[in-house]
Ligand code: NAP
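Only one chain is shown below, in structure tokens, and it's the form predicted on its own.
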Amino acid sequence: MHLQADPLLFGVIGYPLTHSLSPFLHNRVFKYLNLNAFYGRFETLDIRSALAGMRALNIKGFSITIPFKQTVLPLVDQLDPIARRAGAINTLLNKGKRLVGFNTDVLGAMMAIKEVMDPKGASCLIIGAGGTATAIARALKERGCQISITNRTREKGLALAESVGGRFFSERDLTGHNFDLVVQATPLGMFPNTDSWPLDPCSIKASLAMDVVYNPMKTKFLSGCEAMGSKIISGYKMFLYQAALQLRLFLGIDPPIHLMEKIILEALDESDGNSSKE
């Protein structure tokens, strides 16, 4: 990229970031829009120092990913109502040194699901109890879903289930249960650990299965669900929609969503889930 002096600076913070297509996607969009802007990868385990650097260097916006979507909450100056209800942040704006937290995961996930089904009244199983799982569980609850939670750490899973008026299942208790929608909301199965999965799809029956992991495009979990007869939603759909909403927050313009989808699909097809783009 050919940048002029004082470009607008953005980036993604989290750990690890080897899977992330966000820098590749955002910089391609900046180039298409002829913007003097750059989006970097800031891999760190020190979120406090990262936010101090955001203020000091006048970085305009951050994408927030694992493991910081919930731990960053008390460190910001202001929360958007959606982020407050979701209990997680995935987007941070620097507004005159005031850091404002947003959550585009919520609407991104709902947009992906609504392409296939109306979730109102559906029975939904959420796998996981982290920031993404919490945001999606609360959003589906607001849309009239019956929520169930399963999680390897029982205490965290129980706490999330109680917060959404739902039911907690251990993995062994899931056998034979039917769900309209199952959302895999953990990092398991993400590049480079593509052989991981949170539970065996043979233990559940789901009409529709969605994974929040987008690299690879079809995770081991989704492949297993598809083999069991489930319709599937690739995580790239949620990634696309949340990134488009994020760009609207960053730039204040409607992003070129069709171009963004083309960029994502080409990158995932080229890498076949085996590399991240720089």
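We number the residues from 1 along the sequence you see. Computed from a prediction, not measured in an experiment: that's the story for all the values here.
As for the form predicted in complex with this ligand, it is not shown, yet the points below apply to it.
Contact with this ligand in the model of the complex, defined as any heavy atom within 4.5 Å, is confined among 61 to 69, 23 to 31, 244 to 252, 45 to 53 to 61 to 69. With a 4.5 Å cutoff on heavy atoms, residue 213 counts as touching this ligand in the model of the complex.
Contact check for residue 101: no non-hydrogen atom falls within 4.5 Å of this ligand in the model of the complex. In the model of the complex, residue 167 stays away from this ligand, with no heavy atom inside 4.5 Å. Contact check for residue 188: a heavy atom falls within 4.5 Å of this ligand in the model of the complex. Between this ligand and the residues 177, 152, 84, 143, the one pair within 4.5 Å by heavy atoms in the model of the complex involves 152. Residues from 125 to 144 that approach this ligand in the model of the complex with a non-hydrogen atom closer than or equal to 4.5 Å are 128, 129, 130, 131, 132, 133, in the order they occur in the chain.
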